[in-house]
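First comes one chain, alone, set out as structure tokens in the form predicted on its own.
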């Protein structure tokens, strides 16, 4: 007897520089695979009035190439309202994004249900289903780049919270008297570990240059990465104490630093975490690279639609008129 048929799903990852798309397929046994992917330059200068239609155009082209897509998900680089399907605050994109509708117009353009998800949570969904988080019941993920994104998974599911903001690990306070953070707080993990602060700590123009110099033995760059790694270890250690996860997954462009950054973080975790067995918590780098956001958005869109179907009230048969 044949099992359930495979289904296709679209993911769109809205970035300030590039808009990525991917098509994934869910097999009848529940497993996932990526069918196709691509990227275009984001129409960032035009603000939401240009970008939201572009999401529809890019998605429509992907659906032309891969007929049979039944849901879509959009990764949002910031805060959004999951009930309204609208954005709230996107720090790296210009324009009046507060309250701007995304799910409805993109859904109308594509003709399929659309669900929004924060891009860091999308990264977590992808790594949990297809990447470095496979097989983990509980997972903490961080994306290190322009900012520090975060994600928490419990019992094999990414925890979103009531408004999609759960997992903002980068905005936990590490030092109450620390430097300003873009979120408006002081001393957040992101204020110490985002790309520009890494460059500053290492005396370089960019974080990528800092990593390259450290690999070539530059003492200032090595020491700067060690300082950042210490703050990173404090933040991860806090998450371990709270959740005692199976796995920590580190992604984003700065994760390319590898042990130059993570070895100090591991040392700090071992020094600070005393309530659980740190040796049983795996700390690994992500596997899906820059495509994780689009892949996770696609999977999220599919899972939201599936959950909605399961919770929808069953249709009732009309009452039989008495004779």
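Numbering follows the first chain given and starts at 1. Since this is a predicted model, take the numbers as computed values, not measurements.
What follows is about the form predicted in complex with a further copy of the same chain, which we do not show.
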- Item | Proximity to a further copy of the same chain in the model of the complex, single hit among 203, 101, 111, 161 (heavy atom within 4.5 Å) | 161
- Query: Within 4.5 Å of a further copy of the same chain in the model of the complex: all of 154, 165 and 186, by heavy atom?
  - Reply: yes
- Query: Wondering, does residue 209 line up within 4.5 Å of a further copy of the same chain in the model of the complex on heavy atoms?
  - Reply: no
- Message: Can you work out whether residue 92 and a further copy of the same chain are in contact in the model of the complex, taking contact to mean some heavy atom pair no more than 4.5 Å apart?
- Response: no
- Proximity of residue 60 to a further copy of the same chain in the model of the complex, heavy atoms at 4.5 Å: no
- Query: Is there a non-hydrogen atom of residue 171 within 4.5 angstroms of a non-hydrogen atom of a further copy of the same chain in the model of the complex?
  - Reply: yes
- Task: Spot the stretch among 175-183, 122-130, 101-109, 217-225 with residues whose non-hydrogen atoms come within 4.5 Å of a further copy of the same chain in the model of the complex.
- Result: 175-183
- Heavy atom within 4.5 Å of a further copy of the same chain in the model of the complex: which residues of 77-103 qualify? 79, 88
